[in-house]
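Have a look below at one chain only, the form predicted on its own, in structure tokens format.
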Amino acid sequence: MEDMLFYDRMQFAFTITFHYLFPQLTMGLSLLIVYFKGKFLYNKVEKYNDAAKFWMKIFALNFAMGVVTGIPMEFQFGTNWAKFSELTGGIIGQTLAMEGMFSFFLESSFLGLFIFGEKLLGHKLHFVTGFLVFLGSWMSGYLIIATHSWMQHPVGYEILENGKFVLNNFGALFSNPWLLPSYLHNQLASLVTASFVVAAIGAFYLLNDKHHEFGRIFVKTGVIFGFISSVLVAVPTGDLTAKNVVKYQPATFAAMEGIFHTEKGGSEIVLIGQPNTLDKKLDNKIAVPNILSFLTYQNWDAEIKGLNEFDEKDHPTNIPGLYYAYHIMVGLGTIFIGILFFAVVQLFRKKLYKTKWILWSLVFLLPFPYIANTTGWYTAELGRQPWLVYNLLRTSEGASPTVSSGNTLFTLLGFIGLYLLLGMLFLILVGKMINKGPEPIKH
């Protein structure tokens, strides 16, 4: 049973990690495309229209990859996690169906119109199609995170005699206190990824002495949007999300921060340390006293419960993984704010395009927002374990008892091989697009 559960979780973790590489770019990029198209409508400078069309091509490729890699996860609900689907389908089935029926079709339909319909529609309606692509992608994120938020903090439900969960308050699903901070945090993190991709490609063009006009536009846009979104990811959205964890999942928060024992007189914030789950302590830690209490409760001496306050069977099942995922996310976010702050300063000094160390930093940092987003999701998912629905349904109770570990391992290896090929094909295609660059400016 333990092997079966392990492989079920590994397969879903692998497929969803690979899948989320694509929507985390498309959601943020859709907003930047709307910005470029709107800028063109405002000042009639053709290069902004060319920029919008260039990035929509990359958006479309990412969107296609997201669809292809997202479908297998839907099937896993009916194979590896059939018991979970049977028990909770009356609730999560509603938001997932709404995401497919409304958001996905809105996004995909108007994506085609944006790519192929500019001459037919005219620029104003072309802008509207771009905006509807943006709206569809952000609605999709909202409905997915509404599902996720219910699993993290279940509301508006009742449990029938047969153990099934049913919704008795539809409004509660969308007024869940967990939902809005998580959604805004996620969408702004997506915008960070898109901003870094846009800025990195612009920096690549400038460093390689090609597509200068577009290079400057991309760097400027990516740096400004990236700095604003990086700050907002931290405060207020990250802060509010963390406070939800403190309030509704206190054992998870203790594990995230490496607090094994309740500290009297205020909790320190750990900058560096390694969780030692055998001795219930952090090894080699560097910490600042009382800061965590202030950040959490605005009180230097506030008490934060340690893991010793909770039953061990309810502790997160992978405390080191949770601790490191959370600290990687926070550490990278801090680095992003720092680098982009210097970039914004140089932009206002009109020296950014000649400051090579910043341009090289933007290129080098291209993969790191993906890592930060992925570790952010790992923090949320590892933090909820050992529960599928927090405090109501354990992960071991949601797996399909009839799907063997051998079957799951075999298909997992198949996914790894197939996704490796898909990933290589994607990189080749997007590399060709970037190397060709936007269409020449029309005069």
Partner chain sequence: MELFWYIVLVTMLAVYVILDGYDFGAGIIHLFFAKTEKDKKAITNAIGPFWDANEVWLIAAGGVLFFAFPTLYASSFSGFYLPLIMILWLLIFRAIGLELRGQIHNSMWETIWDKAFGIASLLLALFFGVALGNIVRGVNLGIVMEGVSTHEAHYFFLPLWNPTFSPQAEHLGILDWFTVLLGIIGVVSLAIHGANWIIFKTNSSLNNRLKNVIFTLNFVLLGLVIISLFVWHVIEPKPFHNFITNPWLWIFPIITFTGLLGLFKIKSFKKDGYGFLFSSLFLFGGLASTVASIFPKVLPSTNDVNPSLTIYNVAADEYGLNVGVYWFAIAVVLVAIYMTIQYKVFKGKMDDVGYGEH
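These numbers were taken from a predicted model, which means no experiment stands behind them. Positions refer to the first chain, counted from 1.
Below, we refer to the form predicted in complex with the partner chain, which is not included among the displayed structures.
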* If you check A287, L184, L282, L113 against the partner chain in the predicted bound form, which one has a heavy atom within 4.5 Å? -> L113
* To do: Sort through T296, S85, T241, T355 and report the residue having a heavy atom within 4.5 Å of the partner chain in the predicted bound form.
  => S85
* Contact at S137, Y370 and Y390 by the partner chain in the predicted bound form, all three, heavy atom at most 4.5 Å -> no
* With the partner left out of view, is L31 within 4.5 angstroms of the partner chain in the predicted bound form by any non-hydrogen atom? -> no
* Is there a heavy atom of N168 no more than 4.5 Å from a heavy atom of the partner chain in the predicted bound form? -> yes
* Using the partner position in the predicted bound form, report whether V235 sits within 4.5 Å of the partner chain, counting heavy atoms only. => no
* in the predicted bound form, does A146 have a heavy atom within 4.5 Å of the partner chain? -> no
* **Interface stretch in the predicted bound form with the partner chain - options 69-77, 321-329, 225-233, 340-348, non-hydrogen atom within 4.5 Å** => 69-77
* Looking at the partner chain in the predicted bound form, which residues in 103-140 have at least one heavy atom within 4.5 Å of it? -> F104, F105, L106, S108, S109, F110, G112, L113, F116, L120, L121
